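Okay, so here's just one chain, in structure tokens, the form predicted on its own.
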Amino acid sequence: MSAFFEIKNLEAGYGNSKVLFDVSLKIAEGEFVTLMGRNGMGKSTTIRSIMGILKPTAGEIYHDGTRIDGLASHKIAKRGIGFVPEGRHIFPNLSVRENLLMAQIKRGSANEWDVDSVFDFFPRLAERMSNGGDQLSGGEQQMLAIGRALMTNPYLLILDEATEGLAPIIRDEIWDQLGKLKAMGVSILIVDKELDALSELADHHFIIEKGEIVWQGDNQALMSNPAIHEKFLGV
């Protein structure tokens, strides 16, 4: 499969502190790809650079053949890259429905996501549609953050720490729904520590260590190599 999203030789940091060194990765259309590594190794910095939150100091980022590094975050979203940030960042004073509607991007294609389809996808949100964002549990807030990203009708969905801090039953529910998104053909790039859950869904893994991609391979290669887990993932 050819890449429809690609990072080439990305470098980025904060002030005089360089965090990313020559990071490259590819995602093919419909692929479920992970970015893994210990805390502080550059995962979130990579995601922030992709989404235009942090300006890279070198390298290039392409979506569907068009270079997107340097674009504002809202323009990246309009290109079809949906983002579920670490910490969720939902609007506490807006209702669930309002949180969804404010993110909607219509693309004029069949089977687009709208409020009703998000409620069908996450029935818990339908039950809380009039509740404020600050009246939801952590799991419900994460569902809302995913639903909000789906309202942009993304071709690529990026999730940073998708299930961190959630109860096991909620994590399982979110993994099930991410599996359904993969089956729908949505390309996914995910940062998470749940190796067992990721191994059920992922097509390809990238491991980052001290700002560099130190290993990449398919799911079978990763799961059959416990030395890699121990060396780079701490598991």
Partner chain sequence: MTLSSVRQLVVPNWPVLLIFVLLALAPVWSMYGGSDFTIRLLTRALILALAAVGLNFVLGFGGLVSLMHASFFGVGAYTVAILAHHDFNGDTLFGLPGTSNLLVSGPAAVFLALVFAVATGALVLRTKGAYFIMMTLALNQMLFFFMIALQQYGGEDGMQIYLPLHLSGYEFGSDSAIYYTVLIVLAFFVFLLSRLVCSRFGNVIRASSENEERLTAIGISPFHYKLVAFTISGAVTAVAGVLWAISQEYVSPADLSWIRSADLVVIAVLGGLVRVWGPLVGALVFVLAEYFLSDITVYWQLVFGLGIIAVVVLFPGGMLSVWATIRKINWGRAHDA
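In this text the structure is predicted, and so the values were computed from the model without any measurement. Residue numbers count along the first chain shown, from 1.
One more form of this protein, predicted together with the partner chain, exists but is not displayed; see below.
Contact residue in the predicted bound form, chosen from Ala77, Met129, Leu71, Val115 - any heavy atom within 4.5 Å of the partner chain: Of Ala77, Met129, Leu71, Val115, the residue with a heavy atom within 4.5 Å of the partner chain in the predicted bound form is Ala77.
Heavy atoms within 4.5 Å of the partner chain in the predicted bound form: which stretch among 46-54, 32-40, 165-173, 203-211? Looking at the other structure, the answer is 46-54.
Considering only heavy atoms, tell me if Asp134 and the partner chain come within 4.5 Å of each other in the predicted bound form. Yes.
Flag Phe122 as yes or no: does it have a non-hydrogen atom within 4.5 angstroms of any non-hydrogen atom of the partner chain in the predicted bound form? Heavy-atom contact with the partner chain at 4.5 Å: absent for Phe122.
In the predicted bound form, does Phe91 come within 4.5 Å of the partner chain, counting heavy atoms only? Yes, Phe91 sits close enough to the partner chain in the predicted bound form that at least one of its heavy atoms falls within 4.5 Å.
Stretch 101-123 - residues with a heavy atom within 4.5 Å of the partner chain in the predicted bound form: Result: Leu101, Met102, Ala103, Gln104, Ile105.
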